[in-house]
Ligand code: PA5
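A single chain comes next, written as structure tokens; it is the form predicted on its own.
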Amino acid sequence: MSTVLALDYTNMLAPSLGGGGLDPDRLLAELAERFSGAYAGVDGERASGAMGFFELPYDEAALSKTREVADETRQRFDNVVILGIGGSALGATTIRDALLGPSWNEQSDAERGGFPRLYVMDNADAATLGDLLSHLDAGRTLFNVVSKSGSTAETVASYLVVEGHLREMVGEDQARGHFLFTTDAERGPLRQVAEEEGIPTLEIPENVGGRFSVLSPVGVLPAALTGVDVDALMAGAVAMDARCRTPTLSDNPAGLFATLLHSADTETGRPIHVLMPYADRLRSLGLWFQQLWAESLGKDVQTGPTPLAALGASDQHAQVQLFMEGPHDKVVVFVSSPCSKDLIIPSHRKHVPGMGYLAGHTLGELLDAERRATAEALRRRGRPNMTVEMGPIDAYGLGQILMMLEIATVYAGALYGVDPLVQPGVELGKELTYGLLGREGYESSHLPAPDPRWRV
């Protein structure tokens, strides 16, 4: 039976937290009324078609085509490499790490069930890409180039490097058979190349931005290629969407998530929002959320919380000292999930002081005790925190939490009064980069030379 995600926000409220917590009556009255207005605005945008990510779990045609492409190409390749950046890579990485696990690419073909290895190149770093190309069998590798615009500088540059490498290794005619483009349906350089050379493509819907694209072919194709249960992934997202189709705040997990964090930021001076899963497989979820929350809500110079990715229990030894005794400017959101393949701690050192108490427990018990203890320690120090109880890390559970965080982001956008779908703040940097590299249509960029007085 599938586990229903739960949000425990006890440690955000005054009865548990004291003076730094939110009054429950106010949450269920004044803030609930404020949320109903935000909900109405988001629901109107959804109805207009502006927020296409809502409809991705219901798009049977796109899912069917993605499955078909995966089935046609899977058996021809031992390796799949995603070339993308930002939302065009983080979603695929999150699904891979959560559902395939950290050792997927090191497993034998038999252990992987015949499914290909999956690599994600999310930066135009020559050392990383060059090292990968030197180790992969080019003749058995598919490169999925992901860019909605088809002109993302880092992705296009990596594609051209890979294409040049393949032309040397397998010949120009054969090289095109090692590419698949995930891009806009009608526009952009990748679309042009695909149509001229017959390279297969999957489409990113016009109304779906990169950071909201994890349940589009951007994330679903790599999942399908590697044997992930994409039906369960979508079913989890549908279930979460159904739970969030209500303006009643107390019944809407995404609404509560957004309202509590918005209130913590704007009313109690806590703009730093930490997502802290207690499972290595969910480390990338924190990085995916970091982009989603930051790029969607950091707007107009004056608004926007700062998301921070952490990992339990590792960051108890790196960041929790700051969370406990540093500035009162943070909310920690824990993500709990039971360990599916637990290990018992042996008792052969039971006689050694400081070791014996662990005998007979499991590593899963230890991690969960660490999470619970950290949440309680924060509470006792008046530091707000809440827990997303995800259940087992499976496709259904991942679909739930991905959809909840996406919906919470657009609710938060409405509460902050910003458009969560645009990112004007990154455009100047892109334009200056184009100018430096001589792209047609962009003025040559002359950056000021470093002042020698201020260099050592």
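No experiment lies behind these values; they were computed from the predicted model shown. Heads up: residue numbers just count along the shown sequence, starting at 1.
Keep in mind the form predicted together with the named molecule is missing from the figure; the text below concerns it.
Judged by heavy atoms within 4.5 Å of the named molecule in the predicted bound form, the contact stretch among the candidates 148 to 156, 344 to 352, 118 to 126, 315 to 323 is 148 to 156. The three residues 85, 210 and 291 all sit with a heavy atom within 4.5 Å of the named molecule in the predicted bound form. 295 is the sole member of 241, 203, 97, 295 with a non-hydrogen atom lying within 4.5 angstroms of the named molecule in the predicted bound form.
Note on the partner interface in the predicted bound form: the residue among 430, 26, 67, 34 having a heavy atom within 4.5 angstroms of the named molecule is 430.
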